[in-house]
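Just the one chain here, laid out as structure tokens, in the form predicted alone.
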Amino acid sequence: MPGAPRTFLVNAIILKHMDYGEADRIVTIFSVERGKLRAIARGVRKIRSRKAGHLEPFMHARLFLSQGREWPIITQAQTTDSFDGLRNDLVKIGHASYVVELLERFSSEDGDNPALFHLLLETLNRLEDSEDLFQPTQYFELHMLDLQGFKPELIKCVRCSGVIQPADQFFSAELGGILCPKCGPLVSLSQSVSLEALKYLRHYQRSTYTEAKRAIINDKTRDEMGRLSRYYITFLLERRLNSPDFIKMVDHLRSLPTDQ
């Protein structure tokens, strides 16, 4: 059987990078062809490096790699979309960081996932083009969980299997879904869920993005939907994410009065 090719081309999104050695960087990417992988960019921190401008977080790029001893080596890079409109807006950077951090935490280096790649790429485009950042972020959360095998059950009670009626309910991260009013109080750490929040969570979960964004959701319900998503995600990851704190900091700074 022939061995794996020593060189290969990938269509990728840059997730993050970290300095390595005197002039190199280890770059974490998510690609159509191979999913998540880490690669080394030699000499990219040198002033004259031609690759540096193509390997910043959130960039969509075509990368030519050569298989090294420990990591693939990025030998060429060409930007497909730099997402300048996103990367020049601090608020949008915060939401893009959250989306990328979610994907990075929920994916492993074990093969391709084209559907997840396209969901990420579409979400970055939506964040760049949208003023309402709740919509693309919430949609990404629910559909990323679905693609990674953690789709929350929102139709029937996860304890008694009863069909959920039009009333306020409960949600259990441990059991992975909705609890009816009878079962909810019996499950430790379950969270209350209003009928309004459940309705829109279901709508986002089963709809296309075009359909989902037509929904007009008030701020209170949006906050509740976000709280429930974070509760579930934190339970699954067994740790808090870093980017939500950054988003809160940016929101706080924007709320401060400006000098006259």
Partner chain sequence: MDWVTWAYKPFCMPSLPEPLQNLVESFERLPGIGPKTAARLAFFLFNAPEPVARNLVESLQSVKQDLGFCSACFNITLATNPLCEICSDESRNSTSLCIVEEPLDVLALERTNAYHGLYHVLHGVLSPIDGIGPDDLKIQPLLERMRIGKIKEVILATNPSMEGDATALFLQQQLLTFGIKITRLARGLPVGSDLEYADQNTLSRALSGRQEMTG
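Since the model is a prediction, treat every value here as computed from it, not as a measurement. Positions refer to the first chain, counted from 1.
What comes next is about the form predicted together with its partner chain, which does not appear here.
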Its partner chain in the model of the complex has a heavy atom of only one listed residue within 4.5 Å, and of 165, 88, 188, 108 that residue is 88
State the residue from 228, 44, 59, 37 whose non-hydrogen atoms include one within 4.5 Å of its partner chain in the model of the complex. 59
At the 4.5 Å heavy atom threshold, is residue 68 in contact with its partner chain in the model of the complex? no
Please run the contact check for residue 10 against its partner chain in the model of the complex: heavy atoms, 4.5 angstroms, yes or no? no
Residue-level question: is residue 82 within 4.5 Å of its partner chain in the model of the complex, judged on heavy atoms? yes
Do residue 180 and its partner chain share at least one heavy atom pair within 4.5 Å in the model of the complex? no
Name the stretch: of 124-132, 95-103, 110-118, 156-164, exactly one has residues whose heavy atoms fall within 4.5 Å of its partner chain in the model of the complex. 95-103
Using a 4.5 Å heavy atom cutoff, which residues in 25-57 contact its partner chain in the model of the complex? It's fine if the answer is none. 47, 48, 50, 53, 54, 56, 57
